[in-house]
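Single chain ahead, by itself, as C-alpha cells, in the form predicted alone.
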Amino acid sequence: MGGPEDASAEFVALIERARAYDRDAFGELYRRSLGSVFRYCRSRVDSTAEAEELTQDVFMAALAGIQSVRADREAAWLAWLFQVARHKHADALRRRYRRPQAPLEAAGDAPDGAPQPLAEVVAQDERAEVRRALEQLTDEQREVIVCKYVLGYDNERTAAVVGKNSNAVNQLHHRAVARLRRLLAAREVVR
C-alpha cells in the first residue's frame, strides 16, 4: 500500500516509458530531477547562466542516451544524471581552454562604469575559494559534499546516489569537511 516496492515499480515503469520515447514520461523524470541537477551543476560552475546551460546539456544528453539508463530507483537515475553532468562539465572546460582568448582591450568599458558593491565582490571571492578547495578533494568526497550541502540529501539518499553505504558516506563527509577546513584555513594564512 504505497510502500518502497510500489515506488520502485512505478519508477521502473516511468523509465521504461521514457525509453520508448514517451514525452510525458521523460517530462515527469525531468520535473522530478531538474532542481537537483541544476543545483549540482551550479556547484560546479561560476555563474547561474553557465549552470542553466550545463543543465540543458545534461537533459539533452539524457534524452539522447535514455536507452542506456538502467535505473531502478530515483537515486540511480540521479546518479546517472550527475555522471552525465560531470562529463558535460569536462567537455565545457575543454572547449573553454581551446577557445582563443580575446585581448582585454576588446572587452571595452564596464557597462555603467560603477564598481560592483564590495559585498558582492567578497562573496564571489569566497565562492571561488570554496570551489577551488572542493576541487582538491577526492571525487567521492566532493560528491558527498555536493549531495549533502548543495542538494540537501541525508546520508541514506547520498549513499544511494554515490553508490556507498551510509557509514561510508558519513566517513567521507567527515574527512571532506576536515580537509576543506584545512585547505581554507591555509588560504587565510597566505592572505
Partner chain sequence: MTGAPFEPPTADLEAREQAALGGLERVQARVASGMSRDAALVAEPADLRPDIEEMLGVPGRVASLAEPPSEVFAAALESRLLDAADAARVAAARRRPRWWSLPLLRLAATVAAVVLALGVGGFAAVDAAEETIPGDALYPVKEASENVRLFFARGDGVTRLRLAQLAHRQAELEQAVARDAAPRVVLRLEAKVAIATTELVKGARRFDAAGNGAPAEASLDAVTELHDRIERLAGEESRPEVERLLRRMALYLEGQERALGEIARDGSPGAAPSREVPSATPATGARPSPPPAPLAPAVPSAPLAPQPTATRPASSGVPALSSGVPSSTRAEADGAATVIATATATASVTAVPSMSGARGIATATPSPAPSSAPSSTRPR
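Only the largest set of C-alpha atoms that superpose within 1.5 Å between the two forms is called the rigid core. Residue numbers count along the first chain shown, from 1. Since the structure is predicted, the reported quantities are computational estimates derived from the model, not experimental observations.
Below, we turn to the form predicted together with its partner chain, even though it does not appear here.
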{"property": "Joint contact, Thr48, Leu180 and Ala186 to its partner chain in the predicted bound form, by non-hydrogen atom at 4.5 Å", "result": "yes"}
{"property": "Val122, heavy atom within 4.5 angstroms of its partner chain in the predicted bound form", "result": "no"}
{"property": "Its partner chain contact in the predicted bound form: Arg127, any heavy atom under 4.5 Å", "result": "yes"}
{"property": "Arg39: touches its partner chain in the predicted bound form, heavy atom cutoff 4.5 angstroms", "result": "yes"}
{"property": "Contact label in the predicted bound form: Arg70 to its partner chain, heavy atom within 4.5 Å", "result": "no"}
{"property": "Heavy atom within 4.5 Å of its partner chain in the predicted bound form - qualifying residues of 147 to 169", "result": "Tyr149, Val150"}
{"property": "Rigid core fit then Ala64 CA moved by 2 Å or more between the shown form and the other one", "result": "no"}
